[in-house]
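One chain comes next, on its own, written as structure tokens: the form predicted on its own.
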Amino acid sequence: MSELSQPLVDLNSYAFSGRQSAEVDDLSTLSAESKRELRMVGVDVDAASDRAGTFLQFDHSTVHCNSSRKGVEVLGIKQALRKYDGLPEYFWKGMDPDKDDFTRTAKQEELHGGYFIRTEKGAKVDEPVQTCLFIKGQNVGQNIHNIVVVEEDSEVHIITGCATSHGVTSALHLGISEFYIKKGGKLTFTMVHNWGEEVMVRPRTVGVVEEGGVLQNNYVLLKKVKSVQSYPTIYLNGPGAVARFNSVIVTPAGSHVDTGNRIVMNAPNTRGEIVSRTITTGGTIVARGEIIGDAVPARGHLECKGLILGGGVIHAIPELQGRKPGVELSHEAAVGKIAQEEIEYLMARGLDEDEATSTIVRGFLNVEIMGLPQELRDSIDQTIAELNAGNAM
């Protein structure tokens, strides 16, 4: 298998029915282990009072859903489809169900859940909304559809975690996500993945940003997973629209992560930026990125940097496509190792070699993302320490 080839997914190996869970009205009744696992993907149920809303999906059931602040609505997707007569403006409107085998499967299989989040026009939602798509059973197939609508001149931050429970090694996650950001709206979307070692992940995401709208997307993957294949596409369809992507990815041996972002600038004065930081310690990373300029003036920049620590493959594929005279597109890509002179510079200032390496890796990954629980930030620091311990320079 070449580094570009993903492991094959046998849909018949996963159970798409029979994994229903009871509703959880009181989040304090969750076990300590469940709470810890949720915190590891940025969802802190003990701090739910400091969140604008909380959504939890366990296997095939939506188990908790609430909004606690004015200006934002949080519903399970099935509830939203009933309430809004099928969501004809949004449901499968941005995403082509015939895009590939996984979108067709998601369309044909029973819909297990997912969230519908919508802001009110002009609302500035100060606290983040937190969501988690959680798999608790072995060999479960989970089929999710999420829709986010940011109305005119409103702002919201969504922290979403995707994870498997301790002891679950094999599962399949199919996730369709559609983002609609209206005129002057701003969405900050932070996703943290923490899957099991044999889990297959096939999310498909599309977004439309209207005039003056902003999408800021953060993605964090630090633990072993069998296979991730993800390539969100965002269309900047209104003048002055902006999209920014930041990705932080670590792949241990046995992980195959093929991910990236595409930004299509369809209107004048639009801006796009894609920045990825990747580290392999034995796994494979295919780091893709594409910016398409189809209007002027428009500016885009793509930056992909990777470190190989102790083995593995990083395949960077930056693409720029200018379709109009006058578009301004740039990219830089670099794959290598930590420079010895950087380590020696820090050691000359009192750090030992491990401390110097940790400092460089921490700065390289740049995971200071707003709103993540302290336990998750501590876990990131622990991951960095483990990288150094297992891959001495």
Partner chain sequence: MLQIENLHVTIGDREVLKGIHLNIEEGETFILFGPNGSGKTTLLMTIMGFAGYTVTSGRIIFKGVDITAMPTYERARLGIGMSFQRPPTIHGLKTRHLVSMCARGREVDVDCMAKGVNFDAFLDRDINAGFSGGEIKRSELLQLMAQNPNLILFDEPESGVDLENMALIGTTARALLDGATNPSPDACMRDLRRRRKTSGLIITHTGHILDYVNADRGQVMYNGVLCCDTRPIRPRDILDHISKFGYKECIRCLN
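Positions refer to the first chain, counted from 1. Just so we're clear, the structure is a prediction, and the values are computed from it rather than from any experiment.
Omitted here: the form predicted together with its partner chain. The next part is about that form.
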_Heavy atom within 4.5 Å of its partner chain in the model of the complex - residue from 30, 329, 351, 335_ = 351
*Of the options 359, 34, 61, 66, which one has a non-hydrogen atom that comes within 4.5 Å of its partner chain in the model of the complex?*
359
*Please run the contact check for residue 344 against its partner chain in the model of the complex: heavy atoms, 4.5 angstroms, yes or no?*
yes
*Mark residue 340 yes when one of its heavy atoms lies within 4.5 Å of a heavy atom of its partner chain in the model of the complex, and no otherwise.*
yes
*Look at the stretches 351-359, 321-329, 46-54, 66-74 and give the one with heavy atoms within 4.5 Å of its partner chain in the model of the complex.*
351-359
